[in-house]
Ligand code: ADP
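Just the one chain here, laid out as structure tokens, in the form predicted on its own.
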């Protein structure tokens, strides 16, 4: 109630003022004028006429106000529509992000200033260019896949591509593309190219530096190892038990450093794209047994039970022995590292259609569910792994994932914290490139 009075205070005061003024005038007229000679019928008619005039005037005012309100709304809506359209046009033209509108075949129908700059062309010259002919991926088939997805109406998001400019220059960009139908019913697409050339060059420079530094570190590490081993062989009887203990610790530290350098080298090779699979005959049983033997000391110390299962029909396969060894070593090393004392590890391989499935399962500390999405990220370690086993780089599973990718396979896992983890790596039984050629 108070709210209504506060909102209508001014018109209420004005109407009361008019009412009092008019009513006072009526009283004065009544007092000073003799109404006995007035024709009552005529007075009633006059009063009714004035009331009709008042009602008609009030209706006119209300109708006029309503019409003006509708016109005002239309005018405002029209102004807003024009402003919004102009705003979007200006955003499209002057955005720092390259935007291109393309037809179904990839020919440019429109491009903003940033897109013309990225392509090294004048804005007027970009129209008509087939943008797909200016794009490259590390694998030609991947670009074909992106184009096919667009033509099927599927959205493409943040795909790394190289963009060809006039001459031999190239830029790196993240491509996003989605299709829609314009007002005329034609299928067109909006393509964005976020320039990441500077970031890509910095990343490549970093990887090259890591690779170079790792190569340079291998020589002094090898020298330290040889010196420690020679010290042990030279005159072992002259060393007391404490000195032997120190040399053993030194050799263990050198071995850890060598493994760390090797991991960095592998990572840099994967990131630089220089790690190519070399397919040869691989004796899987021997490879698995070698990997198991390498971890025998830790297995004995923790009293872990190892159970193997080898498919005899797959004693030898066509694959890259180095990459297979990386995969098996990383999975088995992690299993021995995170399995508790007197635990059990199952590992082996079996055929599944035209693939081989490598499985390593343990009943160790498991992976917390909140860490599942990041487990293959570079330098990432699960939270419980950091607490229970501080010694680790977070590169093992990243290297595993990259090795599996090079072999055109896939890796999956299931894990429950404090119960255990099972990793499965599925790989083709032969070189996919040779199979494609056939």
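As the structure is a computational prediction, the values presented were derived from the model and not from experiment. Residue numbers count along the first chain shown, from 1.
This next part talks about the form predicted together with this ligand, which is not shown.
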query: Residue 338, heavy atom within 4.5 angstroms of this ligand in the predicted complex; finding: yes
query: Any non-hydrogen atom of residue 366 within 4.5 angstroms of this ligand in the predicted complex; finding: yes
query: Exercise: residue 334 in contact with this ligand in the predicted complex, heavy atom 4.5 Å; finding: yes
query: 4.5 Å heavy atom contact, residue 411 to this ligand in the predicted complex; finding: no
query: Non-hydrogen atom within 4.5 angstroms of this ligand in the predicted complex for each of 220, 254 and 264; finding: no
query: Residues in 362-389 close to this ligand in the predicted complex, defined by a heavy atom within 4.5 Å, in order; finding: 362, 365, 366, 367, 375, 380, 381, 382, 385
